[in-house]
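In the block that follows, a single chain appears as structure tokens, in the form predicted on its own.
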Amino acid sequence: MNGLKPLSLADLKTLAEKMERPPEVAIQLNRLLHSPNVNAEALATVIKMDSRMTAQVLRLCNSAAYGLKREITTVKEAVAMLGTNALVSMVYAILAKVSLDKDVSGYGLEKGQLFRNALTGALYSRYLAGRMRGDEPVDGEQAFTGAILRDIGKVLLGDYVGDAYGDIEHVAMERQISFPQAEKEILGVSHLEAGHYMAKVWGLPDMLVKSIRYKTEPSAMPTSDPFRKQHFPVVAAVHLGDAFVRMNGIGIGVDGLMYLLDEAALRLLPESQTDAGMEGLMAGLIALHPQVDDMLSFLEKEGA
């Protein structure tokens, strides 16, 4: 075994301080979105304070992933055409690129792999949210936003893990436990808990915090949580999007398929009950891959 000492809260704080903070405009937008008086004009005003963010948002608006029939030339027009939630998902996609588009050697991920995984999972989660059945429709943009930073904990722990991922993998396989459980054994904290901590430090919305913490097991959300019923379907969409990304082998790293499907989440998808339905779901997800490539291309332009 590698002999790493278990991480303390102070250790996590030190690691978090080394991470690049989200752009100031993303932090301001997050605050604004909690305001009861939020509107398109206010959102546009904040985004326009950052010329780079403005350019990135407009590029994404005009990508095939959003399917608009005419070119969008202003942020205010983008909000009016797409709605607040879609704008939020774009802002977090841009934030995810800043945070995830790097080498994470501790998890066997080269630069670009983790961000491709994040973006693919976000598009998968949005698609799956639209196919879920329940008391209320599941908001696809919330699922996209919940999914995009779900693996931020891997970035936080990546350098610390170093070569110890072999020990984590060994413990997971030998004891037949999930990868996050094995992380906890070796590191004292899982990448889910580390991501949860990071999301709290950044002041991210509660839905995103839960999507990071419970992405591998939505059913583990505390029953005492007053918003559990409201949030569970979105976190379930994030979980399933993440699971299907791993099944398709996209940027999965050393943890691979060392996770279980949450049956309660899977039951929200009627197609999951038959082989033919699952084949249809997989075909629908694979059909999203050109959109992933398109969004990646737009985000790479001019050093986005």
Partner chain sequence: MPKKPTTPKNVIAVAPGQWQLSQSAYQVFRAERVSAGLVMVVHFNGADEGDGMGAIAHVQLPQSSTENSGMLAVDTALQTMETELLALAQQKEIAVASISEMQVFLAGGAQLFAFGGGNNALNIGSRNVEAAHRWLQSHHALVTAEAVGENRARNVEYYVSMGQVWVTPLGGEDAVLAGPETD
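These numbers were taken from a predicted model, which means no experiment stands behind them. Numbering follows the first chain given and starts at 1. Only the largest set of C-alpha atoms that superpose within 1.5 Å between the two forms is called the rigid core.
What comes next is about the form predicted in complex with the partner chain, which does not appear here.
- Remark: none of the three candidate residues (Gln28, Lys76 and Gly83) comes within 4.5 Å of the partner chain in the predicted complex, counting heavy atoms only.
- Of the residues given (Val201, Ile177, Met207, Val98), Ile177 alone sits with a heavy atom within 4.5 Å of the partner chain in the predicted complex.
- Put simply, of Ile252, Val57, Leu268, Val46 only one has a heavy atom within 4.5 Å of the partner chain in the predicted complex, and it is Ile252.
- Residue contact check for Ala220: none of its heavy atoms lie within 4.5 Å of the partner chain in the predicted complex.
- In the predicted complex, the partner chain stays beyond 4.5 Å of every heavy atom belonging to Tyr66.
- Although the partner is absent here, Met282 is a contact residue: one of its heavy atoms lies within 4.5 angstroms of the partner chain in the predicted complex.
- Although the partner is absent here, Tyr165 lies within 4.5 Å of the partner chain in the predicted complex, judged by heavy atoms.
- Of the stretches 165-173, 229-237, 90-98, 152-160, only 165-173 has residues with a heavy atom within 4.5 Å of the partner chain in the predicted complex.
- Using a 4.5 Å cut-off on any heavy atom, the residues of 267-285 that reach the partner chain in the predicted complex are, in sequence order, Ser272, Gln273, Thr274, Asp275, Met278, Glu279, Gly280, Met282, Ala283.
- The rigid-core alignment places the CA of Lys111 less than 2 Å apart between this form and the one not shown.
- Once both forms are fitted on their rigid core, the CA atom of Glu174 lies 2 Å or more apart between this form and the one not shown.
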